[in-house]
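Given as structure tokens, the chain that follows is alone and in the form predicted on its own.
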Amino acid sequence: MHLLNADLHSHSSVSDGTLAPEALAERAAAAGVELWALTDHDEISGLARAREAALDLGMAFLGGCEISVSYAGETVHVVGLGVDGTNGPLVAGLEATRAGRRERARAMAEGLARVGIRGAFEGALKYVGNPDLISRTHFARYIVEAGHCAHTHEVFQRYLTDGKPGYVPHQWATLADAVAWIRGAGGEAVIAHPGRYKFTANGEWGLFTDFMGHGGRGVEVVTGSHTVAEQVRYGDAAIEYGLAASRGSDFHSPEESRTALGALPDLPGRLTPVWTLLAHRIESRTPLDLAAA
């Protein structure tokens, strides 16, 4: 097993998490995380704060982001690790990807109003740090607050997935652009939580091969939404495709997240950890022994 406690997928209040970057760093450090990445959705403005807090707390840090991608009729997420948060094309690309979220949110609110959930747009805004990043998660929190559902996972199942009243599709970045922005900013691209997508076997093969063709080199194997069977499946996929394996909780909130920061199983030893590709990008005041991890 790879015993480094790396958590390379988490979200702060800069996107759709509930904790500020500094509070998120404190929680990660308290949980024993040794290598941490902040990967807010389509946003990198929290990285400087996260980096400073992580280093002050004795953690190693990787700058990151999670880019929304439209691919073959699905929304796919690509995590960028080791990115330079000041890189011009990455900053511009993420800004373009965020465009249109407010209009989409208004359309979502209209759909919800038609089934009796009124005031959802204004309600969701109460949970948003940056109105340009209003998302389904913010709507889910309001719908729980308004008493329509018991928890946010129920909201997604009843109202916010494809075919439900509050679902509105959006055209995100292309897979080619997302990987290019990440690589151009010095990072490595990772397919996030592949077990969540609804591709056929052929569709998944297409995603992996296209991703690699654009320069992507990693896949999340151990993540908060993966079952044990999915960990095995995508560990096998990492070997089959020659991809490095990543580990990240996808933590959003102490109340909502399936898995706590730093609480994931270790990566199986037969896999190549993604952090071995990123040794030159890891920032730490105490060097990590990646060879033993």
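Remember, predicted model here, so these are calculated numbers, not experimental data. Numbering starts at 1 and runs along the sequence shown.
The form predicted together with a small molecule exists for this protein as well; it is not shown, and the discussion that follows is about that form.
Although the partner is absent here, Arg98 is not a contact residue: none of its heavy atoms lies within 4.5 angstroms of the small molecule in the model of the complex.
Using a 4.5 angstroms limit between non-hydrogen atoms, Arg183 is distant from the small molecule in the model of the complex.
The shortest heavy atom separation between Phe156 and the small molecule in the model of the complex is within 4.5 Å.
Using a 4.5 Å cutoff between non-hydrogen atoms, Arg51 does not count as a contact of the small molecule in the model of the complex. Listed stretches are 173-181, 203-211, 136-144, 111-119; the contact stretch with the small molecule in the model of the complex is 136-144, by a heavy atom cutoff of 4.5 Å. Comment: the small molecule is not present in this chain, but in the model of the complex one of Arg102, Lys164, Arg196, His148 has a heavy atom within 4.5 Å of it, namely Arg196.
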